[in-house]
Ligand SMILES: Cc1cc2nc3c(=O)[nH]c(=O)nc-3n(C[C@H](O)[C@H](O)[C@H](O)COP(=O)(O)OP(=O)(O)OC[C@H]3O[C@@H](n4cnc5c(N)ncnc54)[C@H](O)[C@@H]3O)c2cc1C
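Encoded as structure tokens, the following chain is the form predicted alone, with no partner shown.
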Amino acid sequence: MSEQTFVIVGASVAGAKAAEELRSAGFEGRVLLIGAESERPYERPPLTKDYLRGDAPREKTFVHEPGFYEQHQVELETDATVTALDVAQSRVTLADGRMFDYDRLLLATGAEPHRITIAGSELDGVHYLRTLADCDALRERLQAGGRVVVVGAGWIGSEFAASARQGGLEVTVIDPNSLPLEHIFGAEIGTFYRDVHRDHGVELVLGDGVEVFEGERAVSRVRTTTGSVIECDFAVVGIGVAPRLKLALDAGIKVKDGIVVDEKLQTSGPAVFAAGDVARAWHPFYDAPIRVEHWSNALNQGPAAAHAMLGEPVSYDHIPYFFSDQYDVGMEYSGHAPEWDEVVFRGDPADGEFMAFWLHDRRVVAGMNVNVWDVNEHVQTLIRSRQPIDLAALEDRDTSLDSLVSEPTTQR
């Protein structure tokens, strides 16, 4: 094993944690971690929150301390883009012409923002927020103050809007949906987040879209599809992301809304694995393929892929989990709810502290805790139980969540 070379494409959280796990598990061969950006691997949650606002130092965004990769003999190649993958020859080619042979390969190429294709989208001052460099540019914009238009009321748009408003900017959010985050949570929670933003002074233009960005050389106005004109000093576009599939697609690896992998995180290509935002993994608990775009999934899936690369038995079955902080509203969400029958509340959303449960056939398929802490493990126990739940007991804050499950199970 010590003479083997493991190559990781994508110096992301998933890639960096996979490299760390390989060394922790005793792998003594060559580990090569290749990243297209100039930075060492960093985490994305601070880019819409405390680092963006200037409340945390830049160093806090990085996955590992300076010197970690040298100390653990991980060859970190930054500013390096892999342009070709030859699965027959087990070889990757970089943009500068260098080639590296591998015994095992992990694709952790992540996702990239959807670009808006309307008139004026090329103007200065139209920003996206995905990379650390994007965040650095927007930090300067926030420090200058002014007015910002946010296109999209999803996670990036909502979290950026909250940080900008906390920084004292005038914020307008435009989204074609009737409520923020409605496509994920439905009307009840969408209404809650709408009210949170309105209470903090954000102007919400919902049920409308952006027709054109206007200005001379830089954006100064946004015209909506209904004809409204909104003045601004800059704009931020957050309309979702798409998995980076070109490398896998060109190599003949199976893709479908992500790189298709089994529960061992192995692709259709020999000795090729995938993890993080780009991986559409077969989930043994749900008996279905799932692609999760969040830090927590990358944090856990990278190490799981490392063990799979080492030939160890792996069955990745973590319940999807994500969190968000907007103003003084912190939340955690666990589960996978492509469909549900009803949403049950424990506590009143108007009080700002509550839990919500999405049910299908009286079984909890997802749960959210808002400003209520140390309950996520119990929510996941409810989900894993697959048991019909007494709705009155679920709503009752004096009834422990664990008591609703006859035989509690824990996440592996």
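Note that residue numbering follows the sequence shown and begins at 1. All values derive from a computational prediction rather than experimental measurement.
Not on display, but discussed next: the form predicted together with the ligand.
- The putative spot formed by 150, 202 and 370 is not touched by the ligand in the predicted complex; no residue has a non-hydrogen atom within 4.5 angstroms of it.
- Residues placing heavy atoms within 4.5 Å of the ligand in the predicted complex fall in a single listed stretch, namely 293-301, out of 213-221, 336-344, 293-301, 176-184.
- Heavy atoms of residue 228 never reach within 4.5 Å of the ligand in the predicted complex, leaving it off the interface.
- Shown alone here, residue 258 lies farther than 4.5 Å from the ligand in the predicted complex, counting heavy atoms only.
- Of the heavy atoms in residue 375, none are within 4.5 Å of the ligand in the predicted complex.
- Proximity of residue 45 to the ligand in the predicted complex falls within the 4.5 Å heavy atom cutoff.
- Residue 156 is the only one of 189, 85, 156, 308 with a heavy atom lying within 4.5 Å of the ligand in the predicted complex.
- Of the listed positions (127, 244, 165, 280), a single one reaches within 4.5 angstroms of the ligand by any non-hydrogen atom in the predicted complex, namely 244.
- Shown here without the ligand, the chain has 108, 109, 110, 111 in 89-122 lying with a heavy atom within 4.5 Å of that partner in the predicted complex.
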